[in-house]
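Single chain ahead, by itself, as structure tokens, in the form predicted on its own.
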């Protein structure tokens, strides 16, 4: 009986065969999640296992991502690399108005975890994911290799190969996109004068500037502005770069040392016309992209992964045919993607404008945010759990 039961489990564990194209944070996390659900996974990426962790980037994680990492037994192993922030300070530098989001503005369930959010560096995240994937017997890593976008005997193909996704192009899926006049520059710096466990989002006429704590005096700067300016700043001598950064930071914050080479890239809002084609599925930035304001990007991608986990569980219980999973995924994700895209786009347009009407709208908004806890709670819930949770709360 035991042998037959084990054989049945083994057959079930390889019942779903999937191919994932792209082994960045989203593709690798999806591969690990599906393997833990018993799927046989083949993961492809043109970068090698040594190259994948080398990106100099930090991510702001919200509570929706915390729950996903906890469910996959990744949160505790990453704990020593996570930098929590207990205060998010919003500054409208044009109006000289400020407001702070703190732990008391979180939902009761999220307050228990002691942080508004966390900052995580790319390298320890990728090293842990790749280590876990190597130890999964049902995962085949084809790193440093390209693969065709067809099924090739697999039940599903997931494209997690980024905003310029060659898979999306091969599948003939078009995207709606809007290129912002802004670009974005990221850099790590040593910074003096910042509040303890405080993250900053500064609204400026040329674009938002985020200053994210990474432990000690190390901060990640996410600096939006005209793309040409971002590219020019990225090529500056470190001392000149720090001088320009010091000129736009709030009084009391002083950058001392540039820790990496700044990277500049264009910004756009985009959404694929459809998130699936047959049994092929677009995941993460291959299917959508938003402005990085509020650190929504990776968290939005990882909510794609959370949705797929729920659907694969239904498939494992024989309540959802595999062939119907891609279309159901596309329908399930649409509202969240549209809400986040509109929310980030509206925020950027409103707070990057010197238009008198916009300034007249922003003044009472900043005053009310500072004075009304319920407004901060609603906005923070949308940022940390996703705007759909607010829609559901208001409709219940």
Ligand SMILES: Cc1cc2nc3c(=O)[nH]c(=O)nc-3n(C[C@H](O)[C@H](O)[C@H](O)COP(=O)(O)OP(=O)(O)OC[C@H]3O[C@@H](n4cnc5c(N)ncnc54)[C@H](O)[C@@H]3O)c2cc1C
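Positions refer to the first chain, counted from 1. Because the structure is a prediction, the values reported are computed rather than measured.
Just so it is clear, the following notes concern the form predicted together with the ligand, a form of the same protein that is not shown.
message: Within 4.5 Å, heavy atoms only, which of 106, 222, 245, 230 is in contact with the ligand in the model of the complex?
response: Filtering the options by heavy-atom distance leaves 222.
- prompt: Within 4.5 Å of the ligand in the model of the complex, heavy atoms considered, which of 238, 297, 124, 195?
  reply: Selected residue: 297.
message: Among the candidate stretches 277 to 285, 319 to 327, 84 to 92, 254 to 262, which one is within 4.5 Å of the ligand in the model of the complex when only heavy atoms are counted?
response: The contacting stretch is 277 to 285.
message: Whether residue 352 contacts the ligand in the model of the complex should be assessed with a 4.5 Å heavy atom distance threshold; does it?
response: The answer is no: residue 352 has no heavy atom within 4.5 Å of the ligand.
query: How about residue 301: is it within 4.5 Å of the ligand in the model of the complex, going by heavy atoms?
result: Residue 301: yes, in contact with the ligand in the model of the complex.
query: Given that the partner is absent here, does residue 55 sit within 4.5 Å of the ligand in the model of the complex, heavy atoms only?
result: Residue-level check for residue 55: yes, a contact with the ligand.
- prompt: Is there a heavy atom of residue 110 no more than 4.5 Å from a heavy atom of the ligand in the model of the complex?
  reply: No, residue 110 sits far enough from the ligand in the model of the complex that none of its heavy atoms falls within 4.5 Å.
task: Sequence order please: the residues of 144 to 158 with a heavy atom within 4.5 Å of the ligand in the model of the complex.
output: Read in sequence order, the lone residue that approaches the ligand (within 4.5 Å, in the model of the complex) is 146.
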